[in-house]
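There is one chain below, alone, in structure tokens, taken in the form predicted alone.
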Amino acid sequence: MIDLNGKVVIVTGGTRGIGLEVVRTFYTSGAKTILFGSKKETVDKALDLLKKEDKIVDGYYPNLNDFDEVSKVVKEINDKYGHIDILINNAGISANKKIEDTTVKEFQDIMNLNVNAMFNMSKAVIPYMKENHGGVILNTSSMVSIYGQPSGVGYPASKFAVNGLTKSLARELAKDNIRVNAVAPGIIKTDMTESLPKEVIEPLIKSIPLGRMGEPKDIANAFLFLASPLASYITGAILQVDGAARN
């Protein structure tokens, strides 16, 4: 059991799917956990669900593309808890349209949330981590950041950028004892994949050597490991959690 008692963690995109499971996992490991969502309604819904599970966490819904707003909320959290130890940049959106069907705005929206918001959150927390003599920043990448995908070019492009940001910040912040890593999930059982038709999902599963889709808990556990002292000499890594899928 990994013990993060006393650590303060922020999870963006923490209201559903992988992000919500990350919140559960870190809370269970003893961390003081704060989730971020896109709007008040989804944050309140997640907080109510967690409360029914006897998990009491904080929730906020800043515009992640507004650095001033992000900075204000991050300062509020640091003032309340006294430190911020772990940031998990999980918020993001996907895409699957061909380039000729993708509008310029749709491409920009993907880059704004998947890359710019990650930059804003990291920039906001780093000064507090430096004051606290260290910290951990973890980013959600994707298997398509390594292999690309046949359509929806904005999504893999953004995840290639996530990998670049991860590796570069790891080198820049190592002297400050701030580790930066990413988790690259494969095909994970979420609301989106569960809604796919049987004829679509079965061939996907057959393409995975381990013979199954991943569970959100598989990804949450990878984040937990990378956030823990067990990974104290790991930084700049892109950890593939995909059942050996190589597509």
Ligand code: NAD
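Predicted model only: the values in this text are computed from it and were never measured. All residue numbers refer to positions in the sequence shown, first residue = 1.
We do not show the form predicted in complex with this ligand, though everything after this point is about it.
Novice: Of the listed stretches (120-128, 98-106, 141-149, 167-175), which one has a non-hydrogen atom within 4.5 Å of this ligand in the predicted complex?
Specialist: Stretch 141-149 is the one.
Novice: Just give me the single entry in A220, I34, I188, V70 that has a non-hydrogen atom within 4.5 angstroms of this ligand in the predicted complex.
Specialist: The residue from A220, I34, I188, V70 that makes the contact is I188.
Novice: Does any heavy atom of G92 come within 4.5 Å of a heavy atom of this ligand in the predicted complex?
Specialist: Yes.
Novice: With a 4.5 Å heavy atom cut-off, would you call T235 a contact of this ligand in the predicted complex?
Specialist: Judged by the heavy-atom cut-off of 4.5 Å, T235 is well away from this ligand in the predicted complex.
Novice: Does L50 reach this ligand in the predicted complex, with heavy atoms at most 4.5 Å apart?
Specialist: Answer no; every heavy atom of L50 is more than 4.5 Å from this ligand in the predicted complex.
Novice: Is it the case that M111, even though its partner is missing from this view, gets within 4.5 Å of this ligand in the predicted complex, heavy atoms only?
Specialist: Taking the distances in the predicted complex, the answer for M111 is no, it never comes within 4.5 Å of this ligand.
Novice: Could you list the residues in 1-22 that come within 4.5 Å of this ligand in the predicted complex, counting only heavy atoms and keeping sequence order?
Specialist: Those in contact are G13, G14, T15, R16, G17, I18, G19.
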